[in-house]
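Only one chain is given next, in structure tokens, and it is the form predicted alone.
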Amino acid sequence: MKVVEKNGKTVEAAVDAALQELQVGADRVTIEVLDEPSKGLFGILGGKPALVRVTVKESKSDQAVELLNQILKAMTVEAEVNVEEDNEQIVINLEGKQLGLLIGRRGETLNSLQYLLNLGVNKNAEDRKKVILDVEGYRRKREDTLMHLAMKLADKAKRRGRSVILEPMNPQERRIIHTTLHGREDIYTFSEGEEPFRKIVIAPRK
């Protein structure tokens, strides 16, 4: 958290000096007036300038990165953290050596870490933002794999004339399968079972 204290002939001048040093707008800070300016004897001698403390508000991406760094430290994992943020979401991608530990079996550990970040950033917050955590583009690679698998198994279901049942997947991965096959007229998909063992069925149309 960045904090500066600045003097100025007026409170406004002190705040402007602080904003210039911090390189942020007034909407990104909180301002505390420590001393009001005062005039000295006869308005000349002994005058006291204004003193303000200006603190940069912590953004949601700052909160997410801080929490993530604490988790990485606890796991004794070193990684480069890259962040992209827009009005709707915060995308964090980690890069480094031997980060498979953060992904886990079929992304289970990665999804758990992402859940923790979303919980920490959005708890009791009115302006919620989705946090997406990735490791060296794993999610994109996994999505490509699932899309290829969906098409392959759909062809198999059509060719054999009977349903194909996939292994259990999380909601995000099931959504990829459903979306990939949504436009096909020769098969249809649906989910069955209870979490965390809910799975997709690809069935041929008769």
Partner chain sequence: MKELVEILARSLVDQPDQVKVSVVEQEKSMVIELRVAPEDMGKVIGKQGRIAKAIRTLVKAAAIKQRKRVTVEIV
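Residue numbers count along the first chain shown, from 1. Here the structure is a predicted model, which means the values were calculated and not measured.
The discussion below concerns the form predicted in complex with its partner chain, not included here.
Peer 1: Using a 4.5 Å heavy atom cut-off, state whether Gln70 contacts its partner chain in the predicted complex.
Peer 2: Close contact exists here: in the predicted complex, Gln70 approaches its partner chain to within 4.5 Å, heavy atoms only.
Peer 1: Is Asn93 near its partner chain? Define near as a heavy atom within 4.5 Å, in the predicted complex.
Peer 2: Close contact is absent here: in the predicted complex, Asn93 is far from its partner chain, nothing within 4.5 Å, heavy atoms only.
Peer 1: I'd like to know whether Ser112 contacts its partner chain in the predicted complex, with contact meaning heavy atoms within 4.5 angstroms.
Peer 2: Yes, Ser112 is a contact residue.
Peer 1: Does any heavy atom of Glu195 come within 4.5 Å of a heavy atom of its partner chain in the predicted complex?
Peer 2: Taking the distances in the predicted complex, the answer for Glu195 is yes, it comes within 4.5 Å of its partner chain.
Peer 1: Only one of Leu116, Ile132, Ala79, Val83 gets a heavy atom within 4.5 Å of its partner chain in the predicted complex. Which one?
Peer 2: Answer to the contact question: Leu116.
Peer 1: Which of these stretches, 143 to 151, 159 to 167, 28 to 36, 62 to 70, has heavy atoms within 4.5 Å of its partner chain in the predicted complex?
Peer 2: Selected stretch: 62 to 70.
Peer 1: Is any part of 116 to 130 within 4.5 angstroms of its partner chain in the predicted complex by a non-hydrogen atom, and which residues would that be?
Peer 2: In sequence order, Leu116, Leu119, Gly120, Lys123, Asn124 come within 4.5 Å of the partner.
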